[in-house]
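The chain below stands alone and is given in structure tokens; this is the form predicted on its own.
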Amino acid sequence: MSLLVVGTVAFDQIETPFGKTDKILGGAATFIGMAASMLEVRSGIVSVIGEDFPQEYVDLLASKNIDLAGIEKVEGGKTFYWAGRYRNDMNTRDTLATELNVLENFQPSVPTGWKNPDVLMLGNLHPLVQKTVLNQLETRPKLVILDTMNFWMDHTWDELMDVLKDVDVLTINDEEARQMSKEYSLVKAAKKILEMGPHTLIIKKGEHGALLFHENNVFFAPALPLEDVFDPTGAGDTFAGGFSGFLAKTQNYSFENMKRAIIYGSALASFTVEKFGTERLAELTDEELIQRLDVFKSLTNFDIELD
């Protein structure tokens, strides 16, 4: 049971109504890997960092039993950096700065020991970079999951459509689903997107949960109602880490098991937003996760008599 994660390991600087941070650990691969580590699955990250990346962050990732052999360190380079400010509704944000730095010329190299993963999680990157990783693998993974965003739809549509043909599961948010399909109804949007290549689609709706589509089957998972949301930055990637990690651990890729994976992803994401950056994931215990999963179960468990 192995999970290969491809994505950014980065610096984030965040401002929300609850406070602000200096540069802290962030990046899609970081959140995905740390979330998956809670499932005790063998995982590795393919990414790039600069010489400015602190050893304490490397040690944190290593302490989660994440193989870092695929992370390239560029001597003299600077790590990818993003700064953003969330508005009062915590659903909209303004990007204050984006510095690609070493990510601009990133050419991923999959380590020898990771060329046959059970599950491949392609984080939000240029579609050509995602395709490059797929081409380096010796055997096709049992499950390929891809995350993308509206930027790639705007600027690299043809490349995105090409890589989608090699993907099993696509994860995007509701705005991106509407843009990709040109349909407002998410049900109609899902039908169109599933014709583009993936057999399964996850549409994330933030605080309103997530939808899972596969053939004619639909599943909805709620988001946990929280009193306070301090930082939603890594929630979507944490969700992807829980989802992909659970499937890699159980090695069951059926629609029914994907329902369970959605709940694991949602439960883990509900922790991430409770503190800034990776702080909550870093301290999360197995007992807390089990308790949170039980809360999710109670949200959707009910009896009803039908005539």
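Sequential numbering from 1, following the sequence displayed. Keep in mind it's a predicted model, so treat the numbers as computed, not measured.
The discussion below concerns the form predicted in complex with a small molecule, not included here.
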* Asked: If you check Val110, Ala190, Ala210, Ala235 against the small molecule in the predicted complex, which one has a heavy atom within 4.5 Å?
  -> Ala235
* **Location of the small molecule contact in the predicted complex, chosen stretch of 195 to 203, 144 to 152, 213 to 221, 164 to 172 [non-hydrogen atom, 4.5 Å]** => 144 to 152
* Within 4.5 Å of the small molecule in the predicted complex, do Asn65, Gly70 and Lys115 each have at least one heavy atom? -> no
* To do: Indicate whether Ala28 is a 4.5 Å heavy atom neighbour of the small molecule in the predicted complex.
  => yes
* Does Thr98 make contact with the small molecule in the predicted complex, using a 4.5 Å heavy atom cut-off? -> yes
* To do: Tell me, yes or no, whether Phe106 is in contact with the small molecule in the predicted complex, where a contact means a heavy atom of each within 4.5 Å.
  => no
* Heavy atom to heavy atom, is Asn124 within 4.5 Å of the small molecule in the predicted complex? -> yes
